[in-house]
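The chain that follows stands alone, in the form predicted alone, written as structure tokens.
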Amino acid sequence: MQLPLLADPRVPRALAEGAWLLPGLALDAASQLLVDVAAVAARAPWRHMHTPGGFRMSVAMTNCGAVGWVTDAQGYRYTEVDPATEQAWPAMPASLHDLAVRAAERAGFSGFAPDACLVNQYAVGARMTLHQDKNERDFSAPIVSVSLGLPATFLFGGETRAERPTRVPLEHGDVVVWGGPARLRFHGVLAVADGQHALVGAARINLTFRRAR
């Protein structure tokens, strides 16, 4: 008797028009990505930024690329210089850049040229509330989001905050890409559950690539 074939766990899954989950796409590169993220954080240390309203974000952040995303009393914006070190942000490592380009192309967005990578470090209990990525000058480029370490639940919403988001489980190595008609959808991350990952420990690392300028 021939057993039914199981679905390939790495087959891309459409989340909406212009939005794709690419399961395990970053697995082969994960070890190098983490080495390069550690090098970035050595030059531009992790920090908990504050929103313009004074709220301390639970997620620790750093950046690499030509510009980096920051938030403080002056607002949300991209800067060419790290406010904490007064130095240029570290250059985007080739491992990160190449994965972002490959993921975007896999999702149907060829020619993606990211100039910014926001690196988020989620400790257990850290979360990201629903928001839009709208500080970029050109919305024609997609967002590429890479998950490493502990699993998380990605919230992928609609064009307004009131629309109930879809809950998308993310594992180590998964990539989500959204652009085109999905580019300004609200999204977030539920609080990361307690656990240990062999490569990352009790944390989740998220790489979010944008074309900011």
Ligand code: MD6
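For every residue, the number given is its place in the sequence shown, counted from 1. Please read these numbers as outputs of a predicted model, since none were measured by experiment.
Below: the form predicted in complex with this ligand, not depicted.
Participant: Can you say which of 118-126, 84-92, 100-108, 70-78 gets within 4.5 Å of this ligand in the predicted complex, counting heavy atoms only?
Facilitator: Result of the contact check: 118-126.
Participant: Flag Thr62 as yes or no: does it have a non-hydrogen atom within 4.5 angstroms of any non-hydrogen atom of this ligand in the predicted complex?
Facilitator: Heavy-atom contact with this ligand at 4.5 Å: absent for Thr62.
Participant: In the predicted complex, does His172 come within 4.5 Å of this ligand, counting heavy atoms only?
Facilitator: His172 lies outside the contact set for this ligand.
Participant: So in the predicted complex, is this ligand close enough to Val189 to count as touching (4.5 Å, heavy atoms)?
Facilitator: Yes, contact at 4.5 Å.
Participant: Would His131 show up as a contact with this ligand in the predicted complex if we use heavy atoms at 4.5 Å?
Facilitator: Contact with this ligand, yes.
Participant: Does any residue in 147-180 get within 4.5 Å of this ligand in the predicted complex, counting heavy atoms only, and if so which ones?
Facilitator: Phe154, Trp178, in sequence order.
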